[in-house]
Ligand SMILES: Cc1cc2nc3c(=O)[nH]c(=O)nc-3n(C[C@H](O)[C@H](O)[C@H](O)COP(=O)(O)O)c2cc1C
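The chain below stands alone and is given as structure tokens, in the form predicted on its own.
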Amino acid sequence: MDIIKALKESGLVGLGGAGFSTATKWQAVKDSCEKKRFVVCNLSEGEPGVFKDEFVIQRHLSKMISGIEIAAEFVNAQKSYIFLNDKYKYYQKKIEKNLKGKKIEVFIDNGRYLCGEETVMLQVMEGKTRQPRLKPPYPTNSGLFGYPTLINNAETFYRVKLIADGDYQPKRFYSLFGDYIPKKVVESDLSSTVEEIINSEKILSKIKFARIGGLSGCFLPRREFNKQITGTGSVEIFGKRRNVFNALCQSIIFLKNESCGKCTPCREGIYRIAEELNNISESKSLWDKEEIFSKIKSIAEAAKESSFCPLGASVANPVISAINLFPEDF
């Protein structure tokens, strides 16, 4: 079958968070003048609250591997890799058992959040500093060891196999967890809302807010649960006794610890936001807090516009949504 035509017709995009056209990325590698090419399945999944790719390993491993093989054949790759976060290393034997006789190698690393950014992952695979590269050139032109490299996440490769088999429907996996609900993966339409993913009036009546997209995502009040879920497809729910301020601090601490320190807006910006949040917790004056709110939002916006990679830019998601939508919690 004409896989690139099928990918275009399906409208499949990367399901790791960026949402870039799969067909466009594949064609870019295919059209490269370089004879040596690679395919990498990114299974780093280093952000707390995102676990749908682990579900792919558990339930759909053979189809994911077939998707990698389809990609490798299309771009004429010399070798393929599965970049596996070592928190999933107990799946290594299962994966390698399914790889016998295939030109696919497992590369294990401690993953962490930054390896979700494809150039950081490539740096790690090459044994270099865990920091993002300047783009362009993009990995499709100059990726692993300088050669064109096709990178998709685990679920994307799984969906590719469904497309090849004629079984594809416009759906994706969502990570759902939090108060009143067990950790689980839900498969639903690409346009699904928070309400539809939770799918329980009893639980919805107990919820105050949700965090969408992991610790780097934004906060949504109950009244906005009719909004479509984008990004990594993660939904964390919080009961009515919960406080957004505490959840925001959790997000900022995570992003501060994960920052590679390469650029000033991210390195210094997130540190200053953490510092100002601490000032809010100690301040009793409403006037002081208003000034601090303004300062925090200004720092977050600056980081969003000028950070070298998505980590620094993402700090604006939890900060702006928390302050604008939940002022009473501060």
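We number the residues from 1 along the sequence you see. Since the structure is predicted, the reported quantities are computational estimates derived from the model, not experimental observations.
The form predicted together with this ligand exists for this protein as well; it is not shown, and the discussion that follows is about that form.
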This ligand contact at Leu114 in the predicted complex, heavy atom, 4.5 Å: yes
This ligand contact at Leu15 in the predicted complex, heavy atom, 4.5 Å: yes
In the predicted complex, Thr149 touching this ligand (heavy atom, 4.5 Å): no
Partner proximity in the predicted complex: Gly46 to this ligand, non-hydrogen atom cutoff 4.5 Å: yes
Candidate stretches 165 to 173, 94 to 102, 114 to 122, 237 to 245 - the one whose heavy atoms come within 4.5 Å of this ligand in the predicted complex: 114 to 122
4.5 Å heavy atom contact with this ligand in the predicted complex for all of Lys25, Thr156 and Pro310: yes
